[in-house]
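Each of two forms of one protein chain follows alone as structure tokens, named structure 1 and structure 2.
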Structure 1
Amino acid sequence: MNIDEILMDYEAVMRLALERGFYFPSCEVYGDAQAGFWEYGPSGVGLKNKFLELWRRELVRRDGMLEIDGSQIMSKSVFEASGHLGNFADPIIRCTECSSTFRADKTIVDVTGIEVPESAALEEFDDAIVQNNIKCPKCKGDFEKTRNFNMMFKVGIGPEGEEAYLRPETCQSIFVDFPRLFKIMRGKLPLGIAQVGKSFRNEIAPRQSLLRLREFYQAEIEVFCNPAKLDEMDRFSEIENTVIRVQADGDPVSMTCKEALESGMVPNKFVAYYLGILMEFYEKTGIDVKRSRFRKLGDKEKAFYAKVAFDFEVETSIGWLELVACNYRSDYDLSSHTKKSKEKFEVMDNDEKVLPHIFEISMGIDRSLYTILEHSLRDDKEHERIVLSLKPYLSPIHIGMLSLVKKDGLKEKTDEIYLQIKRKCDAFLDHSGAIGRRYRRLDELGVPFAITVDHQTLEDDMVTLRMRDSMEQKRVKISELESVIVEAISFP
């Protein structure tokens, strides 16, 4: 990065998102619009779709996983078996004076800097509030005792209002579908099953746009495995030299997956392999992985179903963000659904009958996209421009098609070239305004290449190809343009 280039912060990303159509609040024209619901505009949809295609290529197809698309509304029995109706709750406190409600853990850390894990006993929150004399941020009143608030969205099905719930995570349909999928797809352990879709959590205090939502996208992978074969991972050699940053106590330490395994930081080859391919994926998104870490969670931080857990976190201007939860769920899920449904979830692994264990890679798409935007956005003061340096294959628009002027046949020639390339890539046609200002708009939108048609084009059938990051320009033959573009925007 040039010394005159400055990385941008949350507020700059927010301005970009609103002004360039990446994302914006849902129902914003109405005063009663609820917080925690955001919508992707055209630029955001383009980035999201390309991110997911990279995810499918680098994780799903790489491992020959299956992908499903499950229902967003599921029966009460599913969440009784999963433990969500009993355990999926946040600690909340209510003011005795103004009746305002807050998350207990966030209020404590905001006032004192002390972190009490959200899974801690309720008494621990009460003790921290009393010992630090924490009052209501709105009216300085006292708080009631801490209680749990279940974050499930309840819905009524049919005229009788039969009880069901919006899913708080996409993985439960993977678990309940597992016996059928294993049978009809002729599955073999280990077997990865993936799903992309929306999940719903009734967050107490959604905030900071995409970072804490009530309706959000997840890309989840559940890998079903034989617990007796966690170190029999032939594919481990593919990633043994991949560098990951692991944190248990103290600062993150950079080490290869092989070193993480040998040091005991990672429990087995199976887990190490999936941490490795996850790191390789995020390297290709443009996130600065030197500002990342796999943070090993302690007993009080882990989800109730997790035996071993790592959070993949990335540093941003507002602190460390958890992008992916990596949980070794053991046989918790399949055992629970076996008991509740009375159906069999055991499968044959060669000649052995096995109730599979599960390793989960639960990715927050919205947070990942935010982090990509922040890590890619920079202020190029030397050239007086804002640049969104997205990887070309992730850019919502690949090519800006520009005519130098609209007269003298340049507009018609530009339109002709645009028609030739628009099915090969995402292209944007722009005839209006000074060429310098049009370049700046494309730079801010993250468009990696601009093609300009000028008077010389009419004589030599060549156009000017401008590169966003270097601002380099070169002449390219129109007949070669398609192959040049396709190569430049292809996945590595």
Structure 2
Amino acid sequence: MNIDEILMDYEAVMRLALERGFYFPSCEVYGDAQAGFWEYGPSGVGLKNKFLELWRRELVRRDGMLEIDGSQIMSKSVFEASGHLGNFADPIIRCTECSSTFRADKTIVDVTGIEVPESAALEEFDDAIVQNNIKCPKCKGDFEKTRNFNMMFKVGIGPEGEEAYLRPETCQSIFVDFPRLFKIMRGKLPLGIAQVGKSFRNEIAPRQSLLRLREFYQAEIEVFCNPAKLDEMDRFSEIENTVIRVQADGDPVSMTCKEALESGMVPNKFVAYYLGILMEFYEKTGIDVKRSRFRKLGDKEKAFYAKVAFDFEVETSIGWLELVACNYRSDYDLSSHTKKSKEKFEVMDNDEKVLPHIFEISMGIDRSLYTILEHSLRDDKEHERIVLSLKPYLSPIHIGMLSLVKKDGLKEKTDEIYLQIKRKCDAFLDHSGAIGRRYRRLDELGVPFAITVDHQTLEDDMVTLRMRDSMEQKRVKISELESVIVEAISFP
């Protein structure tokens, strides 16, 4: 079977998502529902929970990180310090004639070649536009005054509507909580702090369901380190032979983490180690990592806080998709919060007082889940079926529990076994319809195993265990069922 020929595209994933309850538009019964908001259905939640369990195993626990759960609404000061109030906004201009909207700085550069910095005062854009007589590129109309479009959602707190914001990234609570966490958790550098949660960005044009949302999940890891010790990383040996694909200027090149370090593609052992464990995590999600790359970003592409940045990207039917941003943020965040809050963010590393630097692994959960679905979905033409070949430990449902037919006591026997296993795994009971149809339905949901009770079961206390991907079957004793299942669905 040639995998490349039977992979599915965005539209097939979308149909699966809607029909099988992975995800669907929010508030869809109302006409005023806004774009960029999606719900996870039962199957989607199952997949997401298991994905996050894998993330905790492979990154948080493996590296001994601390996990927190911060608040989604944060004070204005946080974002003054973080730079989001100043930098996370685009200066925009709108044509009075055709009401097209443009980025002010880009339009001025395009027409005159004059660079007005993105962060300049709004009047500077207006002056440049008036002095150079810049008109709408589409209809030659005049522009309204420049205004800022900030991507953060502002919220009003309490009866006076005190200004605060929905966080545009989860990591700010990790930064501001760092002094307390380091003290009370007996922290030692390097220290990773992790968080899963929602972030909010008022995107101008949300697109493509889970791929560009206004409200989305992130799993972020911020590793606090001593910048003088970035090559003192004993754990590096764990991943030195792990293969990653790195892209700087040319095509992506496969190399071990050790080779990436020695060739200078990755700046130090510390960063190489985290790229390595991230790669090992993604291998276990079932995403085809042969179609992935760590793309080293140029100066113009990097976020305003990043010194060195690698985007982890994966090839999908709609092109390369960024799943994770790996940014070396240096002391940008802790310095800013020190200055603004007057709190002390320095800590002791042995006998040395240091303001830690930060390396972050900022994962887009929704995009990762989409990619898992797309890379797992197959059109098995030989057997006329759609198969979602999820890893067993990520499948929303582990086991389909079926009676071959309803009568002759098979239903009762099936119910009995179901009662026995349903607290050990995610099992789904189904008695109705032809057996083949029920198998097909489970295949499409990504259920890796089906257990079928037949007439022979009543005589020999054995059931059929059917494998999703191969469609093979074998007989298993009911008494051994539990251990067989637990083994088959366990995390690697």
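C-alpha atoms forming the largest set that superposes within 1.5 Å between two forms make up the rigid core. The first residue in the sequence of structure 1 is number 1, and each one after it adds one. From a predicted model like this one, the values you see are computed outputs, not experimental measurements.
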Of structures 1 and 2, the one that is the form predicted on its own: 1
Can you say which of 310, 391, 274, 88 is at the hinge when one rigid part swings against the other between structures 1 and 2? 88
When C-alpha atoms are superposed, by how many degrees is the smaller rigid part rotated relative to the larger between structures 1 and 2? 53
Core-aligned CA shift between structures 1 and 2 for residue 147 (Å): 7.1
